[in-house]
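Take a look at this single chain, the form predicted on its own, given in structure tokens.
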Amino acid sequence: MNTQATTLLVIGGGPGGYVAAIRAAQLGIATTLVEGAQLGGTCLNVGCIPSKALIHAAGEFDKLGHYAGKSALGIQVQSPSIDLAQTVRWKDGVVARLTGGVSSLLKKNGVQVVTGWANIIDGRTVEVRAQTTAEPLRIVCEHLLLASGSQALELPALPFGGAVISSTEALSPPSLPKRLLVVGAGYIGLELGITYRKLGAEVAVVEAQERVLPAYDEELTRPVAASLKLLGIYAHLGCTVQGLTAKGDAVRIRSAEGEDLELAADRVLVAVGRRARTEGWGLETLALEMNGHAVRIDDQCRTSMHHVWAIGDLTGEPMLAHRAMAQGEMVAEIVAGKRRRFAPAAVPAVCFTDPEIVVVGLGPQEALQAGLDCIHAMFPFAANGRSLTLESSGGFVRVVARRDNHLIVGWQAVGRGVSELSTAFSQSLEMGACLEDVAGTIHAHPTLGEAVMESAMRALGRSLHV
């Protein structure tokens, strides 16, 4: 058997894995990365990037539909149409450009990339069924970094196959279904459900909880729930899925009161969450300590086995690409001898629904549960000039700060384009900013960012524009 040796072996070429490999190589560490599918992992290929591309395309198409009649802006268009196959090709082009960039960066920095499926033999040895060789390649390493990512959860009542799809298939539709049923009203289900609705499909959502986006606080989700109604998306809340009908053209659901209903659907998107990818590549041979279905790690991403590290979705929530990237960079630097630990002030989360939601740090209720005496204030986009020029006056920015010293512990926002505010939110928490710091910073006018300053001013009791 062909055998190679390396200092750092990374299993998984997603955001966490490829960032770790690049940074390690930059620091002079001999690094090998193994990836069985496409570089970039779920995020670049069948997750973050393609979903945002389709969200953009659907939004532009929906906007034209509004201009087909009378418009307050004076814009008129005639019967817009969309070539879905071309839209998918454009989306695939965006993905190809980014994954190609990752490949070039790995090569530029001297990372050896092995295309094939890894199987762990022990904490220092991995066998790879490489696509370029007939026999397995054995790689021996000093440090093993596990970055296998996650996979979509399957419902026993609705196994994937045929008309029942996951987000992966939903991002490359061969055609637009007349009726799409989305199971799960979390961020993945709603992002894609709204996208399909804007493209022209009839969309309904089934959620076991009593409201949409149950992981977010209700004040943030109200504008999204209102938007769903305006778009014509009906949400069946407090309902559980029983399975497909005998003909396979409808889904049987049961309400909290025990009433059985059938919802017609040409395609069913199951989006009830994701779980760490722990099976099928020999992880069990390491007998690592687990945290439920995820690998347990410390604040340096060390597992319970010496010189075996784990990052990203494999280690559980929050399953976010930017968390995995930060962890990957840190592990590379620790392996290189630097002193680091993973202790961010907050990890931002963005929901790309219509409107968007951003959450960084603690909300009012979370701060209360943490035993903090906090004040909070919000500034509505209805009082923001830039929002009005964008035909979007719904939503708000909210700040949460300690009452005693005004240290900011959390930001939340809901509205059009608020995803771009996440950087300012995260930076203020990481730098230990107080309300006075943000309120005293001159923000450009007219911008959405002014609402950040105005919310801090309102918390201090000196609001100007509300």
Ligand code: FAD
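Treat the numbers as computed from the prediction; the structure is a model and nothing was measured. One-based numbering along the sequence shown.
One more form of this protein, predicted together with ligand FAD, exists but is not displayed; see below.
Colleague: If contact means a heavy atom within 4.5 Å, which one of 417-425, 433-441, 45-53, 402-410 is the stretch that engages ligand FAD in the model of the complex?
Modeller: Of the options, only 45-53 has residues within 4.5 Å of the partner.
Colleague: Look at the candidate spot formed by Gly16, Leu171 and Leu320 and say whether ligand FAD comes within 4.5 Å of a heavy atom in all three of them in the model of the complex.
Modeller: Verified in the model of the complex; spot residues all in contact, yes.
Colleague: Ligand FAD isn't shown here, but in the model of the complex which of Ser148, Thr303, Ser387, Thr195 has a heavy atom within 4.5 Å of it?
Modeller: None of the other options qualify; the answer is Ser148.
Colleague: Work out which of Ala30, Ala37, Leu27, Ala68 lies within 4.5 Å of ligand FAD in the model of the complex, going by heavy atoms.
Modeller: Answer to the contact question: Ala37.
Colleague: Would Phe342 count as touching ligand FAD in the model of the complex under a 4.5 Å heavy atom rule?
Modeller: The answer is no: Phe342 has no heavy atom within 4.5 Å of ligand FAD.
Colleague: Report whether the minimum heavy atom distance between Pro355 and ligand FAD in the model of the complex is within 4.5 Å.
Modeller: Contact check for Pro355: no, nothing within 4.5 Å of ligand FAD in the model of the complex.
Colleague: Tell me, yes or no, whether Ile311 is in contact with ligand FAD in the model of the complex, where a contact means a heavy atom of each within 4.5 Å.
Modeller: Yes, contact at 4.5 Å.
Colleague: Is there a heavy atom of Gly361 no more than 4.5 Å from a heavy atom of ligand FAD in the model of the complex?
Modeller: Gly361: no contact with ligand FAD in the model of the complex.
Colleague: Within 83-109, which residues come within 4.5 Å of ligand FAD in the model of the complex, counting heavy atoms only?
Modeller: Read in sequence order, no residue approaches ligand FAD (within 4.5 Å, in the model of the complex).
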